[in-house]
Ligand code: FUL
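Just the one chain here, the form predicted alone, laid out as structure tokens.
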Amino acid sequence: MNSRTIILSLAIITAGLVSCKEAPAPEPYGAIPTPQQVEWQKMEMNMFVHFGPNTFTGREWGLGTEAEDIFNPTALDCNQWASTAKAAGFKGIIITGKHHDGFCLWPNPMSTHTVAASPWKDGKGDVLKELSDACRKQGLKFGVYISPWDRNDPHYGTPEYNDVYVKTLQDVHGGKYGDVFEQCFDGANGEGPNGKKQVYDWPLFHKTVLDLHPMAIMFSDVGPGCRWVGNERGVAGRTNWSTLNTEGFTPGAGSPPTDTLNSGNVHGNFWIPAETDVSIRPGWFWRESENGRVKSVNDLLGIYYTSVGRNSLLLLNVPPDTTGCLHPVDSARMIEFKGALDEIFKEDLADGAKVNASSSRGRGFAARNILDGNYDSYWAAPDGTFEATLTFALKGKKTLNRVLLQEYVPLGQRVKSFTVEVASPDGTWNPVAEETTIGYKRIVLIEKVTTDKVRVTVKAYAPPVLNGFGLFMDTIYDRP
């Protein structure tokens, strides 16, 4: 073999090795989530539990002057709450450990307005302990809402109260209830017993929680872990960025405008995804007069599509009644809701499809990754590519009216708009949807169509990265 042949052979071998080498992963774009924020969003649906003196008085906001003996559930069963939540497909439960009235559902040593002063279990009960134990038993995560506003504590409205509140947080997060996956703060800031309002020390409150539970997601109007969606109707923005600018804003009266909370900020400085909180009833606390006004399955499906289906997490409030159990109407509705979701999403019509991309980053980031069901496996466009098309050839003709898309958000939220088209029998492409953001998950509702090909075109601020796609036929939800 002469030297020229040897050189040529080495060149061919080298080229082969280079072509087999996996392309580098895309660089992260903009603000990105922490690993715990990603895991939080994967939960998709959690249950909220409003419970306390208001359950017995019928008020939404207690006065703080209610006698402790009003709290006396006759058959409190946190195992019923947790087993119902589990059966309904929820991944965690957040309870109002302390609402604005200041009453604590655990024997808080910083307060006399607690279950310890109630007749329930002769003052020896602890709702947080019972619920955290029930959550662990069912494999659910446990979270707490501890309102900083306190209409009972005599220190409220003085510098001393911030220390009282910190010690309250320390008591809850100190370990006796296990891991706390989310701490909900409320920006409500009304008058206390002395007629004064409190100047909250938010940095101190945040530090207190993170010192004890560094993995906890903290909710408020401005995060830092997740943000209020800006309404209590269950509707996230049709455009919904998980990024938010928070400079100059605070929870409560100092929060960003509600339309900003609803949609986020494109190119926002911080990753603060939306949490959509809504009650299964007209009110947040149980009232007998609302037993006939529990949201229908159709209502709940609509909320699912405008929360989880719009890059948000759904926090559905299901309040226990005066017995301390979820009312039969509420619990039955949750199970019916789960059954409807299972029916709608039981068959992915994209299964077995073949997908081609107008461009691909290379080995390891092929278009087929978008269909493999592995969250951390994704298709990615090459550097410098800001628009790309994915064409899905289905296994025969399919009738569908739902399109699901997911971005691989650990690398940031990139897509600014996308279109969905379906092929006609003559091969022409017909547009069926034109939307803006995708984020963690986007479910697009379209009119029923029958086709064997679907095409998605995305435009992005950085090379697009998608890790999920699905097609479904919903015969249950009746859009108003």
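Here the structure is a predicted model, which is why all the values come from computation and not from measurement. A residue's number is simply how far along the shown sequence it sits, counting from 1.
In what follows, reference is made to the form predicted together with the ligand, a form of this protein that is not presented.
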| item | value |
| --- | --- |
| Touches the ligand in the predicted bound form: W61 (any heavy atom, 4.5 Å) | yes |
| Any non-hydrogen atom of D163 within 4.5 angstroms of the ligand in the predicted bound form | no |
| 4.5 Å heavy atom contact, E232 to the ligand in the predicted bound form | yes |
| Interface membership of K141, the ligand in the predicted bound form, 4.5 Å heavy atom rule | no |
| The single option of D186, D299, D348, E290 touching the ligand in the predicted bound form, heavy atom within 4.5 Å | D186 |
| Heavy atom within 4.5 Å of the ligand in the predicted bound form - residue from Y177, Y145, F365, W241 | Y145 |
| Triple contact flag F48, H99 and W284 to the ligand in the predicted bound form, non-hydrogen atom at 4.5 angstroms | yes |
| Listed range touching the ligand, judged in the predicted bound form by heavy atoms within 4.5 Å, from 99-107, 196-204, 367-375, 246-254 | 99-107 |
